[in-house]
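Read the single chain below, which is given as structure tokens and is the form predicted on its own.
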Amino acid sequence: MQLAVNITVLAAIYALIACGYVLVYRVSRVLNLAHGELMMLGAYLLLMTATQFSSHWLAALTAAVLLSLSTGVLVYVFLMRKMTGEMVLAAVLTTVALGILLRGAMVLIWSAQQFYPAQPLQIANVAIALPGGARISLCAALLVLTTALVYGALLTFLRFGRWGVRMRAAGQNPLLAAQRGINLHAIYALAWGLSTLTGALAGMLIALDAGLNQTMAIIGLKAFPAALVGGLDSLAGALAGALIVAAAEILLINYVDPLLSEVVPFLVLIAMLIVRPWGLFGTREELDRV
């Protein structure tokens, strides 16, 4: 039972991060390789607001969420907008440079030491007993619940919301969407804002559960295979990919070697690329040969 709980928690982490990759790629066909750093920045923003709103956890979380959403929008407005119409590779390399700059800036501002945002917020991360003798921490349970709520909200928004329908239209045919009066820059800014927000939520909850340091960006990188395995343009695929990657990682850690935790997601990714390069639920796209 404890094994199933561990898989569920890790799958929730990967799924919440992976949906950020999917949102940006689905709308603009850009791989945001700075997503892990933006996720970590969200956790540091929570640390900053926690010191400002000490013991007022709701105010601190709300402020951190709003700052994370604004950060994603500003990244598009001041950086990624200039990449619109350029080669996709140029946009991807821009996100790589952004990730490196963000990581360096966070080291300069907050140093590389371990922080525990739950302490100033006075959040007791108690263990919850589950049937079968399994246990889960309060923050881990909140992370699973948050992932379920975020996916429910995103799927509803994309299917029924006016701006959600516009995001789908922009992703399917940006030229036709622009001709029908859809403001593509507003759509792309919204996608980057929501992507950064979902990643930041994952970073905040991980920091509340296990602490915060510079290695958090690695978790964001490990969630990238989950998005690719499921299909980079499918939210449902991100969920399935996260579950597959998490199950493979936990099982191999428990029954083979704990040192495999860093490589298992990428082994699963390689296997999927060989069998089905566009992912389980992704759209098969034309491949250009050079």
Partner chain sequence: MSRQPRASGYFRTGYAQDLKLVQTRAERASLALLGAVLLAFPFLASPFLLDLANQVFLASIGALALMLLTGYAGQISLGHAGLMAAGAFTVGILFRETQAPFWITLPAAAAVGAVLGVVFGLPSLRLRGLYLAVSTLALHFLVVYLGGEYEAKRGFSTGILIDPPVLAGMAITSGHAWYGILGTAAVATLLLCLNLLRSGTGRAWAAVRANETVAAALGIGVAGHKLLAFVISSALTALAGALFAYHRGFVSVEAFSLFLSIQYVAMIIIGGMGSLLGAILGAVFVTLFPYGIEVALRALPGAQRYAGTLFAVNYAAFGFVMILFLVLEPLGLVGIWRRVQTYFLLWPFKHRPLAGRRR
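Numbering follows the first chain given and starts at 1. What you see is a predicted model, and the numbers here were worked out from it, not measured in a lab.
Absent from the display: the form predicted together with its partner chain. The rest refers to it.
Of the residues given (89, 175, 127, 149), 89 alone sits with a heavy atom within 4.5 Å of its partner chain in the predicted complex.
Contact with its partner chain in the predicted complex, defined as a heavy atom within 4.5 Å, holds for exactly one of 47, 240, 31, 248, namely 31. Proximity of residue 221 to its partner chain in the predicted complex falls within the 4.5 Å heavy atom cutoff. A residue is said to contact a partner when one of its heavy atoms sits within 4.5 Å of a partner heavy atom; residue 281 fails this definition for its partner chain in the predicted complex, lying far away. Taking the partner from the other structure, its partner chain in the predicted complex has a heavy atom within 4.5 Å of a heavy atom of residue 105. Its partner chain is not drawn, but in the predicted complex it has a heavy atom within 4.5 Å of residue 82.
Annotated contact segment (heavy atom within 4.5 Å of its partner chain in the predicted complex): 224 to 232, selected among 48 to 56, 240 to 248, 63 to 71, 224 to 232.
Using a 4.5 Å heavy atom cutoff, none of 131, 138 and 255 lies near its partner chain in the predicted complex. Residues 257, 259, 260, 263, 266, 267, 269, 270 of 256 to 270 are found to place at least one heavy atom within 4.5 Å of its partner chain in the predicted complex.
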